[in-house]
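Read the single chain below, which is given as structure tokens and is the form predicted alone.
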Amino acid sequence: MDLLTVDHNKCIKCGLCVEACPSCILNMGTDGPECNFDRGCMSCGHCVAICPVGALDNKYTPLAEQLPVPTNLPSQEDIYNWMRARRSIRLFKKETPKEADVVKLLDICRYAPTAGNSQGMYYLVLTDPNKIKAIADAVADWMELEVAAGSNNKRYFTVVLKAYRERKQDIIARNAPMLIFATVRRLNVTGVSNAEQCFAYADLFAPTIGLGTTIAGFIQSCAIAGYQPLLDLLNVPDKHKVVGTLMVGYPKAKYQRMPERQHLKYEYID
């Protein structure tokens, strides 16, 4: 099967598919769109999705598998307030999230943008409280090594360690009942930014299923730095590396207000 199949009875030769192709492998021929370089397709589906008459099919992103965009989307104000109301959750109930909810949370991550539509994300879901505690302890050990080595984060890590070691406050894993680690193949150089995009989708979607999330920054930084004692606890698949960490759980309390942020700073450059 060729990359593209065109229904010439429908095609109006508008050229939108050619313009939308991020790989620039399409051109408009006398009978409609044509493909110049089959192997350059990144399987994004733009060409099929943008066609106003449904004349185009792509073997990697079939027309039959593409759902129409809903017409009853929330209003601009609804979406704006929804995004403003999102909060990083650090107070969790002890209850472990249901697997069905976690699957929904991770499923939406599949639709986040990734560099070159590379996708390729793999997730490790941890719920064992003993292992989560061991992970937090390992991160604290790493911080102590960083402080001793004169890291730029020395002052910050010292404060964190005082809370964790002396006051017995879990400032590292926040007593979260679940940690989700995003991994990619080691050769993937855009894995961290891809994970950020995927977890941003998860953050925004989580409240719709009653979950709360926040990036586990200390754990994530330790894992990305390659601290072996932490990696040994995770059983990361061979040829994979950790690129992101998310805390997940049912929120212990509901936020009632939307705090303000710094004023918008921008300028137009001619």
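All residue numbers refer to positions in the sequence shown, first residue = 1. Because the structure is a prediction, the values reported are computed rather than measured.
As for the form predicted in complex with a small molecule, it is not shown, yet the points below apply to it.
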In the predicted complex, does Cys44 have a heavy atom within 4.5 Å of the small molecule?
-> no
Ser193 near the small molecule in the predicted complex, any heavy atom under 4.5 Å?
-> no
Arg261, heavy atom within 4.5 angstroms of the small molecule in the predicted complex = yes
Any non-hydrogen atom of Met247 within 4.5 angstroms of the small molecule in the predicted complex | yes
Contact residue in the predicted complex, from Gln169, Thr158, Ser88, Asn81 (heavy atom within 4.5 Å of the small molecule) = Ser88
Looking at Leu231, Ile215, Met28, Ala49, which is the one with a non-hydrogen atom within 4.5 Å of the small molecule in the predicted complex?
-> Ile215
Choose from 234-242, 29-37, 60-68, 217-225 the stretch whose residues reach within 4.5 Å of the small molecule in the predicted complex, heavy atoms counted.
-> 217-225
